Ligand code: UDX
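Only one chain is shown below, in structure tokens, and it's the form predicted alone.
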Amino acid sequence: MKMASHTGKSLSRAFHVAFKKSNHNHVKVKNICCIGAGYVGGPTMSVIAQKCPEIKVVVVDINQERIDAWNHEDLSQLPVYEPGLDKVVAQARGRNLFFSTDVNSAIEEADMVFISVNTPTKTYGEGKGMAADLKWVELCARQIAEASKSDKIVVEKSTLPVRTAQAVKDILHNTGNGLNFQILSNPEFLAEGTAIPDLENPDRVLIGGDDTPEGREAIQALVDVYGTWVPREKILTTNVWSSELSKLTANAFLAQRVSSINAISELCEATGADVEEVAKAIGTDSRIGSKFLKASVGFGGSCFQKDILNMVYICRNYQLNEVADYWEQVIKMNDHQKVRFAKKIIKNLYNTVSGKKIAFLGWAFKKDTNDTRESAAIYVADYLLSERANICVYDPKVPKEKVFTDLDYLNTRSSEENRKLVSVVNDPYEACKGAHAVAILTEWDEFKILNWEQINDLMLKPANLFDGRNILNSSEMSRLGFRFHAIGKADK
């Protein structure tokens, strides 16, 4: 898209309506709107509002139920569970942090608009199962164009495929009433469960924009927002395309490490090596480092798989087939690990789980979050349900209906059948009572301190315990009488 050029004087005029000029000769943001009150938008805007009391921050969403939850007097009812989030919201909400369904008013008032809507993998049409579905992003861009009466800085916060900014820019330019829109890419690098510390003390903040006077001014405006609490050397500025690709690449590299150690875990089980000892040995090498070397039943969450599939799709579009094959293998290894875990349960229950109760401890994709997107538990459960197992789920933060929604979404069987084969309880001991096997699918800290001797007494014998997160001591579990099966270790 060809942007209108401005001299320094006319640029000042162009931005005057939307921005109050600061003493540093660049725009000063006073009002922020964020479209999307989910796992990214809610916590991110809450921290910005907390750290920047002079900026009015309005988070909007068309989901009335979600907005009501964000506004709930009882902070334990917030729709996103993150340790520390309730305290941040309590400090800023009603002061300069607001949650609303009035999208158009918030856009109109804002100097800067963040797009933080869901970009799931497409389930239909061209690119089905791989490409990102940008339907909501496009609808956002059109609504911003329609509601705006002054120039805006529009910030991509959703994880997006490379060159999405061009599409957003094109929509805004052609439908935006002749206004000036600057598009920035500001990908999130949050780890669910530690989102608040990640926001308060980030490894880096990445901001991509156009290398034009207007683009640099927009970048500086967002740098100033984060610069309120983030050291300037941690704020990296790039062009838009580098910023968009950096997000996909970061998640691809992290997922690759998980799949790499999971591949080694299978080799460890075959040879008698211990994957935790191997991980420690290689992690002490400063070139490798120790992070993301925890073998498990597989990674989950909204980002890793989606972003790698997105990258694979983009590579195939550019005929980079060897590159696509390389990254696709990370996903294949992760899928294999989940199936392998389910098959191990079946094998150790005399090759049949039909009619047998299997307790699932954990449904969230990781501890300290209520997010279940792409959780390994869903796929392990689906495999076992196809073998007619009866599954009883306990998770401290995931509500009953979410478990059924996740299973129904797969369309493997009817909703009625899922409810017949699966039960969800509020007590871990109840989940384990009368079970042929217990499987740990999420590494919640509370599972480490359960009374495992009592659980052994409650189970049918032999009591099989499958630790999909390697959080329990194998020798101790064996001493208590369990047939203990961990990831990447010989069975005990």
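In this text, all values refer to a predicted model and were calculated from it rather than measured experimentally. Numbers follow the displayed sequence, beginning with 1.
Only in words, not in the display: the form predicted together with ligand UDX, which the text now covers.
- If contact means any heavy atom within 4.5 Å, which of 235-243, 311-319, 360-368, 177-185 contacts ligand UDX in the predicted complex? Checking each option against the 4.5 Å cut-off leaves 360-368.
- Message: W229 versus ligand UDX, in the predicted complex: is there a non-hydrogen atom within 4.5 Å?
- Response: It does not: once ligand UDX is placed as it appears in the predicted complex, W229 has no heavy atom within 4.5 Å of it.
- Query: Though only this chain appears here, would D467 touch ligand UDX in the predicted complex if you measure heavy atom gaps against 4.5 Å?
  - Reply: Taking the distances in the predicted complex, the answer for D467 is no, it never comes within 4.5 Å of ligand UDX.
- Message: Would you classify V117 as touching ligand UDX in the predicted complex, given a 4.5 Å non-hydrogen atom cut-off?
- Response: V117 belongs to the contact set for ligand UDX.
- Item | C303, heavy atom within 4.5 angstroms of ligand UDX in the predicted complex | Answer yes; at least one heavy atom of C303 falls within 4.5 Å of ligand UDX in the predicted complex.
- Looking at ligand UDX in the predicted complex, do all three of N31, I55 and Q220 come within 4.5 Å of it through at least one heavy atom? So, no: the whole triplet misses ligand UDX.
- Option touching ligand UDX, based on a heavy atom within 4.5 Å in the predicted complex, out of A191, A147, I331, I282: Only one option qualifies, and that one is A191.
- Query: Pick from R419, R142, K402, R373: which has a non-hydrogen atom within 4.5 Å of ligand UDX in the predicted complex?
  - Reply: After the contact test, the surviving option is R373.
- Task: May I ask you to list the residues of 28-43 that have any heavy atom within 4.5 angstroms of ligand UDX in the predicted complex, in sequence order?
- Result: Residues within 4.5 Å: I35, G36, A37, G38, Y39, V40, G41.
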